[in-house]
Ligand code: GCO
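As structure tokens, one chain now follows by itself in the form predicted alone.
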């Protein structure tokens, strides 16, 4: 069987190999995940940050991100902290890697079992601010330009435990406080807020991209704050991730993105990117590339629990290769003359109403619309050829066009 010209072995031999210019990044917590789950213990030995930097760089990754405690133990003394940071910075230099994003672990230690910024305890809320300021300092020291806030335990188990209006205000106070801290320190940081509907709490505040976008415009410094949406988190809500990301892009608020995959609205699975929802993630990559998104393509995912260290690197390479495969397929889809012709017909680009509507509101537009004669029945009989268009999409994704 002959392959189509665009899929010859010669043209694809190294076509999808990741390189630094792709701006792929992973978290220390992703490749170093040891496979523990609620029903089973660790299956892999610890992986050092330096080893993670080395191997990811060899595979073609560009950046590595971290929570404060991914690198520095929770109770590390100042001398130990400085030694660890020094060795990590040397590894970044040795292997040509950067830290584009940093964040704070405000969910693992028992002190945060009721949340951090929204905890009922004032002492816990104060400690969360202290810990986050230190972590921001660390992130800036390592070169991070984006700082992510994931409220892993900012929610409730017993609904009566918190007034949700008070909780929203507490979150606002915390983000305003930390924004001003970064400004006063002269840090060139952007903050990105990460939504998630549930887990580990039964219900979490700010569960979706839309909730976060609305919240941003109530803050003191909305210009420096955007979102960090994650594929699996929106799928857990049964939502279309592409549409949420599009809204963030249109608002100029896509500051960072977490790429992974998910089997339905279950627990957060953090699967290898593109391993399950191929069609939706094809359109996600197409959206990011067409929109000119120039931030990190960050993979917040884990290797299967069945894997040893070799499998971890298979997983990491697979995430990057799949993104590049989708990117190339999206390019071919948009270069397909049949697809483009059909899109022109669907959008009725020659209609006089296209030009009229593009003018926006004016007295003249109002007059023309009020005087226009429409035939709703005829418009209702119109077909849109979406079956044909969708089949073209499927054929491109499956590699037969």
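Positions refer to the first chain, counted from 1. Note that the structure is a prediction, hence the values are computed from the model and not measured.
Keep in mind that the form predicted together with the named molecule is missing from the display, and what follows is about it.
- Figure note: of the listed segments 177 to 185, 144 to 152, 318 to 326, 210 to 218, the one touching the named molecule in the model of the complex, with heavy atoms no more than 4.5 Å away, is 144 to 152.
- Residue 103 belongs to the set of residues with a heavy atom inside 4.5 Å of the named molecule in the model of the complex.
- Though the partner is left out of this view, residue 297 does not reach within 4.5 Å of the named molecule in the model of the complex, counting heavy atoms only.
- The closest heavy atom approach of residue 267 to the named molecule in the model of the complex falls outside 4.5 Å.
- Although the partner is absent here, residue 55 sits far enough away that none of its heavy atoms falls within 4.5 Å of the named molecule in the model of the complex.
- Applying a 4.5 Å heavy atom cutoff to the named molecule in the model of the complex picks out 233, 258, 268 from 232 to 268, in order along the sequence.
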